[in-house]
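Given as structure tokens, the chain that follows is alone and in the form predicted alone.
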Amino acid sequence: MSFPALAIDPFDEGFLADPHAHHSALRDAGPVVWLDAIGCYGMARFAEVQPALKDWQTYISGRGVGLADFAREEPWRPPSLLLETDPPLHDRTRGLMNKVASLASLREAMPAWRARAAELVEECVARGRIEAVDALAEAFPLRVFPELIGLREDGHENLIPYGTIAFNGFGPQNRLLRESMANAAAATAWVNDSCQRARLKPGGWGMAVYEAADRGECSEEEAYRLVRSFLTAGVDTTVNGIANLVHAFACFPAEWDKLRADRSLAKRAIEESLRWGGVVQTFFRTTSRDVDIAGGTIPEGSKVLLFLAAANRDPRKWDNPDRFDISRNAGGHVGFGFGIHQCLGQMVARLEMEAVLDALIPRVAAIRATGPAQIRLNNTLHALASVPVELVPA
């Protein structure tokens, strides 16, 4: 073995409960490590993770971005036409979705999002003490995202457990995946039904995908799978992004004072929270050829686990990386991936976070933790189950 072998299991529940506690060991062991527990290679330093995400020709996604290798085993669900494909198929499907999920359409939605964010934040401030995941981080996306897609009026609560299954599915078939699948059978059935053309409202992103199929840009079956991708990409990352943002300010209260004094730092605050919070912890790639790196060789056909959250706190890249500092220029972080496979829902997440933050700044003088944050274990996400805080009225 030409790379250091580590006994760390990145899917052990102790690891998932506090991944940042293990990241230094991964980074310090070397640019590339061998992970005995899962039988694959790993990269945790920014200098290797970001280029690997960018080099789609070498580190391919079409064999799955989870532990399972689609060249050697049957996927447990139909692969994503965005996340788990490579060019030229990826270029076609991503190009179609980029036209649907355009920045122009999001800007058109923003006035309504800002109004709804203001209403929700005022409700939360009136209560004073809230559990921010339930009251804010989940509540806001579920008020605005279904309308953006054109989903049916009922059952929006199913989006949360469905996303949990999807992201657990990128890891091994462990207890987390088995239990999330068992607990969300009804949610999966709701999503499968809701992505059908007949269930979607006109004018939403979902129907726009089917209209692309009518123009011959994709098949009807591909349209269904692409609409399903919206429901995976657009909810959990946003929920956890908002929760991590609130948690960050509760942990570093001076940063909230800094933001209220200079609202121009709002976008930097969002990017810094995405770097610091590590919403998406990991994704896999598979090597398309032998890769000579760091004095060793990763053989063709090898799974490589990329530790995105570890890269985002790599002291070789960032000064004082464990500190949440909204003055920092966190541009270039890999919180939503990097390169052609960057998260489809990243702009949705950023703009929803912006709407919530803009509503909080004038109404909240301080965000105070009233208890420890609780983690919801997930094979891929750093998901928060509970963030108890007090919102002090301005």
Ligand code: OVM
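All residue numbers refer to positions in the sequence shown, first residue = 1. All values reported here derive from a predicted model rather than from experimental measurement.
Absent from the display: the form predicted together with this ligand. The rest refers to it.
With the partner omitted from this view, the residue of F145, F249, W113, F167 that lies near this ligand in the predicted complex is F167 [heavy atom within 4.5 Å].
In summary, among the residues S194, T93, N312, T232, the only one with a non-hydrogen atom within 4.5 Å of this ligand in the predicted complex is T232. For the candidate spot formed by S61, R63 and A68, no residue has a non-hydrogen atom within 4.5 angstroms of this ligand in the predicted complex.
Heavy atoms within 4.5 Å of this ligand in the predicted complex belong, among the stretches 176-184, 284-292, 301-309, 79-87, to residues of 79-87.
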